[in-house]
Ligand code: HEM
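Next up: a single chain in structure tokens, the form predicted on its own.
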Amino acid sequence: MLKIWFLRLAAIYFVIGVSFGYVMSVTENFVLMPVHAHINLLGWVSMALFGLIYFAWPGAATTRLAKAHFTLYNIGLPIMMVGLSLFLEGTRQAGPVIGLGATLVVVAILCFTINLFRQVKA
């Protein structure tokens, strides 16, 4: 089920990322371009790849590391994106919010990497 949720959320992030791009192009306001890029890369692309990898190696999707990966990533990414949006719009106090979200994302990716090395054999 985890692999399906990664793919579903990836599709939602794709809609969000494309919508950001659309709004930026219509308004000609590109201040939030880094948010657009991060949502597309970390939300759409990375999460879709996570889901596909977990489909290819279903045993890897059932571990505690996979659950930690999913949970931390999906808490950290929105926090980081909100913080980055606020920061780019001029709220300099949002720096620690970005740091918190980014830390959760990095820990999640470490969980994924450790899980991958443990579960995916040649």
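Worth saying up front: this structure is predicted, and the values here are computed from it rather than measured. Residue positions are given as counts along the sequence shown, with the first one as 1.
Not pictured, yet referred to below: the form predicted in complex with this ligand.
Taken together, the three residues G21, M24 and N40 all lie with some non-hydrogen atom within 4.5 angstroms of this ligand in the model of the complex. This ligand in the model of the complex comes within 4.5 Å of no heavy atom belonging to F55. M33 belongs to the set of residues with a heavy atom inside 4.5 Å of this ligand in the model of the complex. Contact annotation: L49 falls outside 4.5 Å of this ligand in the model of the complex, judged by heavy atom distances. Although the partner is absent from this view, V45 contacts this ligand in the model of the complex, with a non-hydrogen atom inside 4.5 angstroms. Only one segment in the set 73-81, 25-33, 86-94, 57-65 has any non-hydrogen atom within 4.5 angstroms of this ligand in the model of the complex, and it is 25-33.
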